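In the block that follows, a single chain appears as structure tokens, in the form predicted on its own.
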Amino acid sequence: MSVILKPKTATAEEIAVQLTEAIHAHRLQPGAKLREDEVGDVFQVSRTIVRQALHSLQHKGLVTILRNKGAFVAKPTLKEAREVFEARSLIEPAMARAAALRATAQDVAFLEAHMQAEQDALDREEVGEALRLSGDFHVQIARIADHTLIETLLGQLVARSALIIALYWRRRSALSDKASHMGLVNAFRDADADGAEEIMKGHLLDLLMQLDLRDSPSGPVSLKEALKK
């Protein structure tokens, strides 16, 4: 008796990952509507699974869901963009200082491997993945500093920052700052708390300066094209 295997359908998590990649890579522009039926057709899943994926992205700050209007790719305002980076500038230098005093050799090796993965993603032109890894590098610093509450808060700020960078970056260098990340890793290796704090301050300021805080053009691509289906 033969067994008929059903084709594997996408999970809500997998859909969320692909939508995130499309948003970060500029293929889905901020403000773009994400119609449940269209997303369901692209991934061949029910609206229930689509809603789970969209609510997951809403929790991360990447999607805005409006009652009776639907889901849209979040569109941070210029004011919000500045506020997000202001909040990060208040939090992260202290996290870098604390991490420098706590980092182990294993932590340093982990961050070095993380940086290499980020560079590999850039080399493959996977902009969304590179942005995700670059942001997660900062979250990992909070983990090394052993500040669980701030690690959670920073994760939300970093997710929002990735969307802001995807919307407002004007130079490719805004996607990754290998020199600053390497400087931080070296400071952690040397337990240089003062150096780590100053590098983080400069890194966040440089990142903000590389953003073009003006309105972005609308994107003409369809959801299917954005997801490269």
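Each residue number is its position in the shown sequence, starting from 1. Rigid core here is just the name for the largest C-alpha set that superposes within 1.5 Å across the two forms. Predicted, not measured: the structure shown is a model, and the values here were computed from it.
Keep in mind that the form predicted together with a further copy of the same chain is not shown, yet the notes after this line are about it.
K.L.:
Counting non-hydrogen atoms within 4.5 angstroms of a further copy of the same chain in the predicted complex, say which of 71, 157, 127, 144 makes the cut.
P.N.:
The residue from 71, 157, 127, 144 that makes the contact is 157.
K.L.:
Of these, 178, 47, 33, 59, which has a heavy atom no more than 4.5 Å from a further copy of the same chain in the predicted complex?
P.N.:
Of the candidates 178, 47, 33, 59, 59 is the one lying within 4.5 Å of a further copy of the same chain in the predicted complex.
K.L.:
In the predicted complex, does residue 103 come within 4.5 Å of a further copy of the same chain, counting heavy atoms only?
P.N.:
Residue 103 lies outside the contact set for a further copy of the same chain.
K.L.:
Taking any heavy atom pair closer than or equal to 4.5 Å as contact, tell me whether residue 78 reaches a further copy of the same chain in the predicted complex.
P.N.:
Residue-level check for residue 78: no, no contact with a further copy of the same chain.
K.L.:
Might residue 119 be said to contact a further copy of the same chain in the predicted complex, defining contact as any heavy atom within 4.5 Å?
P.N.:
Outside the cut-off, so no.
K.L.:
In the predicted complex, does residue 84 have a heavy atom within 4.5 Å of a further copy of the same chain?
P.N.:
Flag for residue 84 set to yes.
K.L.:
Indicate whether the candidate residues 90, 94 and 149 are all in contact with a further copy of the same chain in the predicted complex, with contact defined as any heavy atom within 4.5 Å.
P.N.:
Yes: 90, 94 and 149 each sit within 4.5 Å of a further copy of the same chain in the predicted complex.
K.L.:
Of these, 103-111, 149-157, 132-140, 119-127, which stretch puts a heavy atom within 4.5 angstroms of a further copy of the same chain in the predicted complex?
P.N.:
Single hit among the candidates: 149-157.
K.L.:
Need the contact residues for 15-47: heavy atom within 4.5 Å of a further copy of the same chain in the predicted complex, sequence order, or none if there are none.
P.N.:
Contacting residues: none.
K.L.:
Determine, after fitting the two forms on their core, whether residue 60 shows a C-alpha shift of 2 Å or more between this form and the one not shown.
P.N.:
Shift of 2 Å or more: yes.
K.L.:
Quick check on residue 16: with the core superposed, does its CA move 2 angstroms or more between this form and the one not shown?
P.N.:
Passes the 2 Å threshold, so yes.
K.L.:
Closer or farther: how do the CA atoms of residue 52 and residue 130 lie in the predicted complex, compared with the form shown, if the change is at least 3 Å?
P.N.:
They are farther apart; the C-alpha distance rises by 3 Å or more in the predicted complex.
K.L.:
Between the shown chain and the other structure, the Cα gap of residue 153 to residue 16 differs by 3 Å or more. Is it closer or farther in the predicted complex?
P.N.:
Closer in the predicted complex, by 3 Å or more.
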